[in-house]
Structure formats: C-alpha cells, structure tokens
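Encoded as structure tokens, the following chain is the form predicted on its own, with no partner shown.
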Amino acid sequence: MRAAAASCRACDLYKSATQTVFGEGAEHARVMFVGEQPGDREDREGKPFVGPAGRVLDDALEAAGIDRSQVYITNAVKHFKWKPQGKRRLHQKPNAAEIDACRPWLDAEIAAVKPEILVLLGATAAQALLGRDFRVTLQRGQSIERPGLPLMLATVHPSSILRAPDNQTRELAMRAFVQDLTRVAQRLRR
C-alpha cells in the first residue's frame, strides 16, 4: 500500500508535497491514531508525527502508559497542504475533496491493521470517518461505534496544545489529552 500511495494523484496536493507520508507502526496494532495531515517536518522526513505535535503525542502516550512502538499512527490526508510565507511553509487545512481523495488509503490501513480502537486526533480526522457534522468539542473522549469500523474515540489534535495561549492553558490541555489517552489504555487492558 505504501508504494502504491507514493504515486497517488487523486488530488492536487502531491504537486507541492515533498512526498506521500503513509502511516507506520505495529503491523497488527490494537490501537490506531489518525491525525489530520503531515506537517512540514513529516513531509520532509516521510514519517507521521515526528515534528512538534509528534513530541506532544509521544509525551501524552508515555504519560498514559501506551507504548508508541505498539500502535499504528497515520493521517487522514497523506500529503502536506501548505502555503509559502517567506522561507516557511505554513499549514493549511485540507478541504473535503482532499480528505475524500485520501479516504481509500485510510480505509485500506484500517482494514490491514484491524485495530480494536481508532483514536481520532482533531476535527479533520474525526470528520473524515464520522461525517462533517461531528464536533470534537461536544463528543470528545466518548466511545463511538459505527458499522464497519472499530470502536472510536475522538480527542484534540496535539498541535492544538502547542497553540495554547499560555503555559497554564497548555498544561490543562495536556492533562485533558493524557486523560483521553488513559481511557484508551484502560480499555486495552480489559
């Protein structure tokens, strides 16, 4: 799948991305984390969640008692969508057509890994699988069931913690994120 995705031309995002960033992790992980799209660092390195948001995710996984080497991590969209600002490449939210173009890759990853739980990181990932009306702010941390999909839990994207306006807000956001991931860890221990 990774090799096939590398030549995907289902939308125009491949034109400005360095490469396709496919998911990675344990082949038959019990939990799969789904983010929005690769960021600048992920686009350059070709791996999901290796930039600043990845460090936040790693810290939260460790605090919740989840071993990253035992999970599978991917994104709803496989190419980095960005706009130039000077020498920087600034993130742009993928649109519905771009999310839909990548959905077959996400479905294939879910089918291949067969996780027990999908953790949807942020609105884009949640809406990709649960529909555009889904609101993480209203249903965060709840177990969600849909026919044909593993049990799901939606939470914030780690990058939202990085965007918190001050240290106190950032600490509270991180604590809530760890609490969501601890629910996942507890479910896995059952």
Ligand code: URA
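This one's a predicted model, so the numbers in the text were calculated from it and none came from an experiment. All residue numbers are counted from 1 along the displayed sequence.
What follows is about the form predicted in complex with the named molecule, which we do not show.
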Looking at A53, A128, V31, A154, which has any heavy atom no more than 4.5 Å from the named molecule in the predicted complex?
A53
Of 58-66, 41-49, 23-31, 135-143, the segment with heavy atoms within 4.5 Å of the named molecule in the predicted complex is residues 41-49
Taking heavy atoms and a 4.5 Å limit, what residues of 70-101 are near the named molecule in the predicted complex?
N75
